[in-house]
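Just the one chain here, laid out as structure tokens, in the form predicted alone.
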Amino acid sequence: MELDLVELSRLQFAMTAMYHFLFVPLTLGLSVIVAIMETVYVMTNRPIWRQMTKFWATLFGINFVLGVATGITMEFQFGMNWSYYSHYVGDIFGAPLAVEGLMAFFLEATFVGLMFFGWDKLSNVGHLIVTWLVAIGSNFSALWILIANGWMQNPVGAEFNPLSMRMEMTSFFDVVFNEVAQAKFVHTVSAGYVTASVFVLGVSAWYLLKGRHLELARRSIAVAASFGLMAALSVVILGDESGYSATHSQKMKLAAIEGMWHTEVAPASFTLVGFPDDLARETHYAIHIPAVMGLIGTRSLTKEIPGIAELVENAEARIRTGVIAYDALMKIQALKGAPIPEALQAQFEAHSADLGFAFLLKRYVDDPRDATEHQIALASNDTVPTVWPLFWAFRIMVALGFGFIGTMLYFFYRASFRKMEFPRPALRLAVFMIPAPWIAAELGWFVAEFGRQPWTVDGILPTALSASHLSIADLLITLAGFMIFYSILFVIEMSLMIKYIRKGPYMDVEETNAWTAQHTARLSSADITPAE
């Protein structure tokens, strides 16, 4: 198979992004869980909660460091592998990333040192404030990154400048409060909370199975189950909101996820399972749930959700309109800074919203104005992402999401109403479930990013035009280098996490003194001296 520059660039970025996201959800969730545990410690002054806080903070710290290291690589890849993308939309995409670095990451990085080394330097309340600032900084980092990504999914608050040949921001407010970005943020953060809750639940269950650190494990399960149940419910509810926003901004992605090849009579049914056939453009052996997709996608029983075939026809019409905009753009460029005639300006403005669709023809012809009918048909069909992986990735993710709700509900019930007594089969299930939220999170990102193809910026800039002009050898060498380096980091991460989990919590001087005082008091109340 012939190696393709764009596909290799996509593969490299997908590998680094998905590897980085192994660390992000645990950082988001564990930072909040640690802050909750320390809050309980400050309120009760019980040493066990201090011990819990320090133990889970240690695992948070390992994950945080490697998350930062892998995240930095992604920032450089925009300029290295996607230089035209960076030039074309850098004014908009770079703004939230800059704010994230200045406001959120510095807040997080500044206070993380005080969180780990300030136990004996700060008051209990002061240290608690620091811990919460680390948690807030982690979540603020996610906010601004997802604002940048949300703009790629739904490019609002910007317009194309025909003189500079770049997208320019027109409203920072619209970029920040983009409905897709806000839905992605709350959904992603909630998924991070679920990930951390399942992690804490699984590790604590392992301690109970081994008969170690029982007090810490039971209390950790209580916190994880309570926090995780709320988060798991939020993921489902907020995921539904993401589906609703996709109806307005990414109709093709929604149709592909559903395997909806043709527009159905409203309200559309939801395909529970089936086998999408991209060549035949139909879904075999589909099992439908009536009206559910219409309710999810339109919040009504009367509005239609367009199917893939109808969306391809719409894309073809927009490509033809985009060619008119492209023709006007080339004439404006030919003026070389001279005043633009009003008629030419009006022609461009009337069709500029579809300029990105004309760029889809660049894959087949240098000048979109020279495109044949066959090439226009090919370009319009390119707007359909491969359906079957999206279809199944989404359903596996949703199934895991409901599984998390059931698991958290069960452990919450046992922790709250059964005196924290957990059957061994349930504990084993909790241990085996530890990888599940990462699988769900990675599938979620796959659906979001793969479903956007063939666009880097939806409707604005095709992926095929975004890549840098690198050689295949450059990409293969750097891809191999990243894979080797990241594999080493993964081994380091897993080794450190397993080491400290096996080692378990430790008691510092304050905890030891408090435990000794409590133990002595119990012995005295039984009329037994420590010597006896």
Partner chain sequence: MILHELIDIEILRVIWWALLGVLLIGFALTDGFDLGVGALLPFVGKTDVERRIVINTIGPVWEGNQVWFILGGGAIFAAWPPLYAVSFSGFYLAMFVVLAALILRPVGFKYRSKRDSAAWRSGWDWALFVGGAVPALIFGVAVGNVLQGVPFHLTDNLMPMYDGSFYGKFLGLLNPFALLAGVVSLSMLLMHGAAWLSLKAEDPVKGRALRIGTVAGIVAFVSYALAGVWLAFGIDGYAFAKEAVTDGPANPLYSDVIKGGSWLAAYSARPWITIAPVMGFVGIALAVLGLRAGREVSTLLWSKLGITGIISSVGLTMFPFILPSSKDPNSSLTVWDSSSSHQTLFVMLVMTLIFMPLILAYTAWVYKVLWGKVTEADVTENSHSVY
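A quick note: this is a predicted structure, and the numbers were derived from the prediction, not measured. Positions refer to the first chain, counted from 1.
Unshown form predicted in complex with its partner chain; subsequent notes refer to it.
* To do: Mind telling me which stretch in 390-398, 349-357, 314-322, 115-123 gets its heavy atoms within 4.5 Å of its partner chain in the predicted bound form?
  => Checking each option against the 4.5 Å cut-off leaves 115-123.
* Asked: Hey, in the predicted bound form, does M43 get a heavy atom within 4.5 angstroms of its partner chain?
  -> Contact check for M43: no, nothing within 4.5 Å of its partner chain in the predicted bound form.
* Asked: According to a 4.5 angstroms non-hydrogen atom cut-off, is R363 in contact with its partner chain in the predicted bound form?
  -> Output for R363 is no: heavy atoms all beyond 4.5 Å of its partner chain.
* Contact flag, T386 vs its partner chain in the predicted bound form, heavy atom cut 4.5 Å -> Result no; T386 lies far from its partner chain in the predicted bound form.
* Quick one: is R166 in contact with its partner chain in the predicted bound form, heavy atoms, 4.5 Å cut-off? -> Contact check for R166: yes, within 4.5 Å of its partner chain in the predicted bound form.
* Only one of F450, Y244, Y84, F270 has a non-hydrogen atom within 4.5 angstroms of its partner chain in the predicted bound form; which is it? -> Residue within 4.5 Å of the partner: Y84.
* Name the residue from I405, A95, V156, A222 that puts a heavy atom within 4.5 Å of its partner chain in the predicted bound form. => Of the candidates I405, A95, V156, A222, A95 is the one lying within 4.5 Å of its partner chain in the predicted bound form.
* Counting only heavy atoms, which residues in 365-386 are within 4.5 Å of its partner chain in the predicted bound form? -> Not one residue comes within 4.5 Å of the partner.
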